[in-house]
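Same chain, two forms, each on its own as structure tokens: structure 1, then structure 2.
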Structure 1
């Protein structure tokens, strides 16, 4: 028994360093991803998507969603840095995995891809709801569009949507424009209006609505038009990223290889935009793009290089910070014209837009305000598709010492003049009073 305990202890010592090699700001790639499936046949029917992830260096661990040995943590350390759930019909996960464990997984800064369809269970709907996404309550409803459907579905129920209303963000979908429409067949969802962290990436057209395609409408549908989101993303305050799709077929080889022509459009494409859309979106969700890191805040007086422990009011100072962006393989200089610094005490006394040298260094100079107290240099950068930067450094500001004021203050000249005028007036008055007859 004692030998067994020693063996377990030794195994733990070897495993803990490996388990701690999770996602870090300095190394966003080489990550391990758990893929949960409700049917192992999805490995072959969605093989192109999985192959693109493997080709980019991701280690995929495929498991059935009801596997009794499922676990995201071991010895208090996370085993995975990303989670893909392609198990819409699963009513209950196996092992120690549940909706709370997945919420904690995202709260720890890790990433999630969640896909649903018409068979979406309450478990899947609940996870999506935690992220600010609400699937249509009618479990039999699908997105129907009689204007923006694929012509291959001309005689069908128009549930194969040819969607082209994409979010305009190079950080999320890359710089290469997705020319072909994206094929979508699945369920609609709406966004929680009080959650400003969730965003539509692929939206339905104004003519779309959510209803049961096999029955006639007895009442107006609850979800219609541009209120319907087909694919949404969320970036949490800790920079964890989540993708939620209403269609599992969106990731399938069949739709990747399908040709597409949108109804009413003369343009015909040999291949849909699904593969490009999903590939670019997966790069974003796994931090291969739009991931920023910043160096320390550097500041000093003009003409000096050392950082002072305290500033004096009206000092001229220089400020700089280095910001880099992960390109998927290495850190590259981040170039932007909207990074700002605040010189802050209760409220910003100075707000300056930083200039850049195009090499990742952002800098500016300004005069310390004529107010003393404890200030902060603050850089809070939020931009669509990019990780949030929040940096601050505290610095006190003192007033002039008694021996640092000017000998004669220009603003006091009227008082000086009044003093000497009074003296001169008194002298003249005394002279006249004493010697006038």
Structure 2
């Protein structure tokens, strides 16, 4: 008995470091994901989505949203790197979870997929509001689109939308174009216009509106047209990523497998674009794609290799920075043509686009301005779908020393001439005076 417990203790000692594996600076993809469901049958009705996540190496932990033992943290350490909330009708989470705990979770840099549906509770709406997403206040409203619905034999009220207005971003949706429309049935939301961190990934068509399909409209609906977003994302300033969807059925096996034909279009697709859309979006959310890392900023005078402590005005300098992109498994060199550097003191004096050698090194050279002071090299890189890079390095710039000016000013030649002729004249005169006989 003693031997057994000792060996167990030894084994657990070895396992402890493994247990603390999570995402880190060197490996930004999330590992452990908590999935909150309000109905365990979602495990089987959304099995394709969960099995693709598992096959990509995620460690999914399924729990009921009202489970009283729910906890995101233990002893100050987060237990999970990502959170999927497929519980649109839950009024209160169990355990120690509430909307503040989820907001803290995202604040710590961790990712979230939140899905509402036609019976979204106030809790889910509150979490979405924190991220800048406003769901339609009417709880019986659904998105209806009479021009862009999916033609179907069994659904006659045009609430199953075939949407193809996707955001143009390779980082968020991958390089392969999603050919088939994406099927959606659920609630509409709009984005807060003052929030510049949210983005519409799947928008509704201009003829869409959000209303109760079984009752007549008595006043114009609040949300109409392309202002309605069906799926939105948010990338926080600490690069935590959040996906908010108005439809839980978007992730379901049924819509993954079903064919789609958009009303008014002759193209009939065997398989909807849902699976590709959801897979690519989950790759983006869990930092398998679009995550950048930068090395330190390197600068030196042209012809030298060391970094000087101070520059002089009108010096020629060279600047370079290394940026790598996470490919899901390793760091690859990042290739882009829009990385820029600023030479900044209260406002940018020089702003240049860096050229790349395609191996991750971005470089440029320019002349230091003729203003002296304490400047900063600033690289503030924001690209749709990529993490934001914000790097800076301070460097002072001094004016000319007294002996760095030009030695003789051409305009002053008469004065020099006067001085030297005086000296020469004195010399000659004294010579003559002394030695004349």
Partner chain sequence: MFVLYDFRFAVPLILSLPSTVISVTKKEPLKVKVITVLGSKAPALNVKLAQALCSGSKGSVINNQELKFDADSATYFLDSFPKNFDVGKYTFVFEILPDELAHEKVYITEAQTKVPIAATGAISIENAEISVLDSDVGSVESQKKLDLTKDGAVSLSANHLQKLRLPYQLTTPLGHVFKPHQAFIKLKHESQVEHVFLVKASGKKSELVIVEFLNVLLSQENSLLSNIGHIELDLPERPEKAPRPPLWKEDFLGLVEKLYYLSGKYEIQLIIGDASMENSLLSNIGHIELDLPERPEKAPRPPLQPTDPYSRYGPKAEISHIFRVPEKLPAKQLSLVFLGLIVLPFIAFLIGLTRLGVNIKSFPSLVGAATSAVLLLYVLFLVEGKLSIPFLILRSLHQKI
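Take the two forms, find the largest set of C-alpha atoms that superpose within 1.5 Å, and that set is the rigid core. This structure is a prediction, so every number in the text was calculated from the model and none was measured. Positions refer to the first chain, counted from 1.
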Structure number of the form predicted on its own: 1
Turn angle in ° for the smaller rigid piece between the two structures: 45
Displacement in Å of the C-alpha of residue 427 between the two structures, rigid core kept as reference: 17.9
